[in-house]
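First, one chain by itself in structure tokens, the form predicted on its own.
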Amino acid sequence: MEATPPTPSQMLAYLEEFRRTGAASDQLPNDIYRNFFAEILAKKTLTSAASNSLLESFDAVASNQEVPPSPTDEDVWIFGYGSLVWKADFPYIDRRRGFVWGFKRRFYQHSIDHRGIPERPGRVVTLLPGDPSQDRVYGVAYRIAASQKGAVLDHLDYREKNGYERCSLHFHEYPKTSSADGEPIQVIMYVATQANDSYAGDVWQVPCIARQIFSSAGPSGPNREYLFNLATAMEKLFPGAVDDHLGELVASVRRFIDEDEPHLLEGALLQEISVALQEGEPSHQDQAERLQKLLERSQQPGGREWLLHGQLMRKNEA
């Protein structure tokens, strides 16, 4: 059973009762944490949220439209290698699994509009040049009807506005279909080059990226959700395919969640509770209102990551 959030009156009554008993004031932050914050924030956060129904129906349902337009020679194909793999929020008339040669997928792009915010950017993927004969990136190609491609490309230009540019290359189906003649498909994809303002620079070490993902969230949700969704999609759509960078990040972020998140959240909340008790007017009513606002913020989307980021910054400064 989920914990029921306290009401402002319950918070006020607790403060007044604590003062009335004459308990040591230095114990108050710990008692408030234990009684009002710990149970609510102890719930595990999402570790994998890619839609199983979407992935399981991939080959059975080729289009996301009830009556898709008929294919024509004027259609275009869009290749997705990040969130587009599981979140195609545009109309398409066909989709296929496959890969492109000569690239490496890396979490080298800051996200300030989807999985992070300007003051706390997250990390998302882009592609780097690799060995044309060895390196391949797996993803999904979507066929866009000629009558819909203008609107879809405008939508994607906006969605990928934070540093991504269009380019064109060849896409190879996986697994190869007997009906195809083996010819690759010309696709459009979006790549964030090293020249864009949100490129992450030389902070490429997996532990650093993992910590950033672990403590970031944005309008589209927690950064960890993006990472785990991508890993789940790759595992289900491309069994046996290896992406060492993705696998190392998943393992590192899961370690942060299992080993570090509980005590980091506790430390962050104890710090914020102490501040709420000390700042402003000393009345119990004011303290109760500040504590209630802290509790509400902690439970809002991105609240957990806000606490984690702040605590990690304090530990770095110590």
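Values in this document were obtained by computation on a predicted structure and should not be read as measured data. Numbers for residues come from their place in the sequence shown, where the first is 1.
FYI, the form predicted in complex with a small molecule isn't displayed, but the following is about it.
- In the predicted bound form, the small molecule lies within 4.5 Å of some heavy atom of residue 115.
- In the predicted bound form, the small molecule sits beyond 4.5 Å of every heavy atom of residue 212.
- Using a 4.5 angstroms threshold between heavy atoms, residue 159 counts as touching the small molecule in the predicted bound form.
- In the predicted bound form, the small molecule sits within 4.5 Å of a heavy atom belonging to residue 83.
- Judged by heavy atoms within 4.5 Å of the small molecule in the predicted bound form, the contact stretch among the candidates 94-102, 118-126, 235-243, 67-75 is 118-126.
- 87 is the sole member of 87, 106, 172, 143 with a non-hydrogen atom within 4.5 Å of the small molecule in the predicted bound form.
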